[in-house]
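Only one chain comes next, encoded as structure tokens, the form predicted alone.
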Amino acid sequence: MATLPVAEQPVAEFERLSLSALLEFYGAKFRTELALQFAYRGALAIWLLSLVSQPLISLVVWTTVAETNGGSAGGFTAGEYAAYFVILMVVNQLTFSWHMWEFEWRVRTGFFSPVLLRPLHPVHNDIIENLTFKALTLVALLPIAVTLGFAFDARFAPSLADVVAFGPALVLAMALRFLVEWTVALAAFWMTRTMAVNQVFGVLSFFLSGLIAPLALFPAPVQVAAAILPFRWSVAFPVELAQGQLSGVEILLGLLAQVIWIVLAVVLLRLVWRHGVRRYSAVGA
């Protein structure tokens, strides 16, 4: 067995290529990933099923609860619950990331050893993988969401301001969730096993992002924690926006919170990566 130290690799920085070269890489990588995703259509279908099943189960449960309680529960009607989880299905698909669960394997097996020799930060590769998967699965997910919306009589009431702000809020949520989870994943540089860290983060995200239920149903301390931490802004905020639940001031504050958290996440990611990659050594055969 041999230890392969790569602590001195200069790829710890983000900027290694010009903008034109970076865009060329993104285009080529997108085409490659597109072909690769099509080659594994079965796995793609399984992932899509997992993305649909959880919001669908919650949709059925909460609309049933509302209907058995005279048409509403917790301040939401059955139609509003349906709208929430239909939108959540789309927002979660467009914001979720799986790379956090791969980092332990990447560090432990030496995956990063050749990657760190490339003139481009590995985060770019993961961004393209993430966007390609989302582009492909969204094509199948949208008809499902629309069908469920009609089947469960979903009630939407967004204003023009909500519709205009939804696009930027969704893009910022995608960036925020990806950056935060990528940063958490870097714990693999210090820990041999990161499953426990990932699971704790996953549980917090499940409750504080509004994935299990609208945050308005939770006690005030939970809502405050969700607002202080990045969780609400990475999932629940664009969902609430699309439902028309927020005032103009709340929309602006939400967008500002997303931007602030993205800046913090980028700074923290750069810092943690720089120190983590200096510690990196992989054991290979």
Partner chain sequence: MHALMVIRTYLKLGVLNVVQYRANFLFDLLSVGVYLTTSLLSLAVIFGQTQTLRGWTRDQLIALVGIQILVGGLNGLVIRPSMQQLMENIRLGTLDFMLTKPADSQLLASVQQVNIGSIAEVVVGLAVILTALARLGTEVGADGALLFLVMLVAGATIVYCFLLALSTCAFWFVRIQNILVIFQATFNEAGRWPITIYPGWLRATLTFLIPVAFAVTVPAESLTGRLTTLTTLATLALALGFVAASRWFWRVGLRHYTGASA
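Not measured: the values here are computed from a predicted model. Numbering follows the first chain given and starts at 1.
Note that the form predicted together with the partner chain isn't included here; everything after this is about it.
Colleague: Can you pick the one in 157, 191, 135, 142 that has a heavy atom within 4.5 Å of the partner chain in the predicted complex?
Modeller: Going through each option in turn, the one that passes is 191.
Colleague: Only one of 164, 204, 171, 146 has a non-hydrogen atom within 4.5 angstroms of the partner chain in the predicted complex; which is it?
Modeller: Contact residue from the list: 204.
Colleague: I'd like to check something about residue 67: if you look in the predicted complex, is any of its heavy atoms closer than or equal to 4.5 Å to a heavy atom of the partner chain?
Modeller: Yes, residue 67 sits close enough to the partner chain in the predicted complex that at least one of its heavy atoms falls within 4.5 Å.
Colleague: Would you please decide whether residue 197 lies within 4.5 angstroms of the partner chain in the predicted complex, comparing each non-hydrogen atom pair?
Modeller: Result yes; residue 197 sits at the interface with the partner chain in the predicted complex.
Colleague: Considering non-hydrogen atoms and a 4.5 Å limit, does the partner chain approach residue 153 in the predicted complex?
Modeller: No.
Colleague: Are any of the heavy atoms in residue 74 no more than 4.5 Å from a heavy atom of the partner chain in the predicted complex?
Modeller: Taking the distances in the predicted complex, the answer for residue 74 is yes, it comes within 4.5 Å of the partner chain.
Colleague: Counting only non-hydrogen atoms, choose the one of 243-251, 256-264, 40-48, 230-238 that falls within 4.5 Å of the partner chain in the predicted complex.
Modeller: Contact-bearing stretch, as computed: 40-48.
Colleague: Taking the partner chain in the predicted complex, which residues of 42-60 have any heavy atom within 4.5 Å of it?
Modeller: Heavy-atom contacts within 4.5 Å come from 42, 43, 46, 47, 50, 53, 54, 56, 57, 58, 60.
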